[in-house]
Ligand SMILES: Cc1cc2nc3c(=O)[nH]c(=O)nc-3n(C[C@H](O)[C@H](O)[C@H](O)COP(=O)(O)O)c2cc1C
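Consider the single chain below, provided in structure tokens and representing the form predicted on its own.
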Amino acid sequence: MNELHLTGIERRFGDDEVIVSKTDTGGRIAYANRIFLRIADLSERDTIGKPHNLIRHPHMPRSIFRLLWDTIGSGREMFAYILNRAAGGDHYWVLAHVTPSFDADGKVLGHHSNRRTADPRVIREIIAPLYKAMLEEERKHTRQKDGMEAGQALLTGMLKDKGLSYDRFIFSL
């Protein structure tokens, strides 16, 4: 997949469809359903065993993924709006629900993600401007770690101003 090629074309999937993928604990894709493959314009061969960031769009703040990994790494689920990139450079928005998968002893075996369509109004009016501001904040720093901390601080400050937790913010949209 070309890292730099973006078409600006948004791909869509049906409100009755769910994108499903499963990863190991390292984020390598172990399963992707047909909807995932279709919307990402990938084959199983292109996907299975590859890192899930294969579909990461460069306009996504890294600090959102940091929050995601920190949350699921602590054994909790997380909902997040995610902008993904298809193989040809198109993009698509999703509302992702990511959960850790546990064995009978409570050990994390991997992660399961279901993604549904995202409300275009929420994306246009709230999420895209927020992510743009977070990304701009991240890019002010030469060290990636510093940028992610700055992006996360921007999100935390916005949530504090609204008096909301991250989860309450997402569910309020």
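Note that the structure is a prediction, hence the values are computed from the model and not measured. Position 1 is the first residue in the sequence shown; the rest follow in order.
Beyond the structure shown, there is the form predicted together with the ligand, which is absent from this document and is the topic of what follows.
> Could you tell me which of 117-125, 41-49, 104-112, 134-142 sits within 4.5 Å of the ligand in the predicted bound form, going by non-hydrogen atoms?
Careful reading of the contacts points to 104-112.
> Considering the ligand in the predicted bound form, which of I35, L68, A30, L130 comes within 4.5 Å of it through any heavy atom?
Contact with the ligand in the predicted bound form is made by L68 alone.
> Within a 4.5 Å heavy atom cut-off, is V98 in contact with the ligand in the predicted bound form?
Yes - in the predicted bound form, heavy atoms of V98 and the ligand come within 4.5 Å of each other.
> Is T23 near the ligand? Define near as a heavy atom within 4.5 Å, in the predicted bound form.
T23: contacts the ligand in the predicted bound form.
> Does the 4.5 Å heavy atom contact test between A86 and the ligand in the predicted bound form come out positive?
Because no heavy atom of A86 falls inside 4.5 Å of the ligand in the predicted bound form, the answer is no.
> Answer with yes or no whether I72 is in contact with the ligand in the predicted bound form, where contact means some heavy atom within 4.5 Å.
Flag for I72 set to yes.
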